[in-house]
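One chain comes next, on its own, written out as structure tokens in the form predicted alone.
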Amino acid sequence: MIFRLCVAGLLFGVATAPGFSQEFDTFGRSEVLPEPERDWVFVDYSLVDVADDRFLGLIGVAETFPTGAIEYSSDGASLFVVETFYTRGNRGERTDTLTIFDTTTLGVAGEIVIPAKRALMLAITGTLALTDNDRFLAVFNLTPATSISVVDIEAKSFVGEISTPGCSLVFSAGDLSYVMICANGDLLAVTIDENGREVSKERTEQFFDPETDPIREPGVRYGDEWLFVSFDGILHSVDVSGSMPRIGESWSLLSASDREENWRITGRQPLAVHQQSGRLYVLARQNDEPLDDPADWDGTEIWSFDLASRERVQRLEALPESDESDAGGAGLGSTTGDGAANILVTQGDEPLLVSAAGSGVSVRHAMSGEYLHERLQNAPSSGWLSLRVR
């Protein structure tokens, strides 16, 4: 069963004075969460109030494969996860489902069976995408042929599969369209009709050069743009506000002196953006040799850029000083263990910068960089970060 809500402040194994009874949570207790707040963040599948350091609850997702990505409705009322089940636990007949959770109870609100083809991979942006009108959700498939499964959220039914040879991952690009990244550096624009059926598939000009400088898969949405960073630290943008994606001007996150000092953009979740201020946050580290996979290396610093001026305005150490002596102990969600693997920025007037490392989840005021919590006490040690409220 789903343990729906953990009451803040509940302590286990704490000695009490003689004559005082110790109170414990009632088994099976279920509560309804209040209206979502901007500082509520999912760390993997655990919902945490990162401002007040409160564990709020856990969604019960099948553990047949490591954590998958979460997609959210625009009002934050529903979240979507793709699950894989086997009749013999870890083997047997396979069933894939798109599962809908109610974010006020963290209970299952619906389940749609989809083709057993979804890409079995760690959490990453691009494994599922909800259209901007919240109507159709696409699931990226890899068998190893690539395709997307389209689900009608309103009707709670599987619509059909669209073949996308040579193009992978899927990102929302309007009310009835998606964009995908192709192996030759192009983008694929997929358009569907009001019933979720394929209307067209059209390739753009080359978005990046996969031979000289491929892009990293974890993109971040900034208004009507998707932002991606390359292995060499070049920021690429694509505008999805029109009927076809428009490729923007690329620019380097690394200055000439940064390159001389061998700084590189790293981490599993290397980019985060605050919509209101236009601040981009980036994980970076120094490394003498080029990295085969930057996701395998934590960022030792967090850099902040003003997207309008393209100037770096802030540099922060990725780990609190209290963690530096413990560096090197990589944990779940961490890679090298000497920095942060994941970052996220909450939205609103007073955004918080959340970073996850093997030693724990840290929270700071995004604009000043001042720590609010050097290490959360009521959250998982680390994991993929996602926002319930955009």
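Start at 1 with the first residue shown and count on from there. In this text, all values refer to a predicted model and were calculated from it rather than measured experimentally.
This protein has a second form, the form predicted in complex with a further copy of the same chain, left out of what is shown; the following refers to that one.
Proximity to a further copy of the same chain in the predicted bound form, taken as a non-hydrogen atom within 4.5 angstroms, holds for one residue of 157, 90, 257, 276, which is 90. Of the residues given (249, 311, 75, 111), 111 alone sits with a heavy atom within 4.5 Å of a further copy of the same chain in the predicted bound form. With a 4.5 Å cutoff on heavy atoms, residue 60 counts as touching a further copy of the same chain in the predicted bound form.
At a distance threshold of 4.5 angstroms between non-hydrogen atoms, residue 86 is in contact with a further copy of the same chain in the predicted bound form. Contact annotation for residue 95: at least one heavy atom lies within 4.5 Å of a further copy of the same chain in the predicted bound form. Residue 99 belongs to the set of residues with a heavy atom inside 4.5 Å of a further copy of the same chain in the predicted bound form.
Picking from 311-319, 192-200, 234-242, 77-85 the stretch near a further copy of the same chain in the predicted bound form, with a 4.5 Å limit on heavy atoms, gives 77-85.
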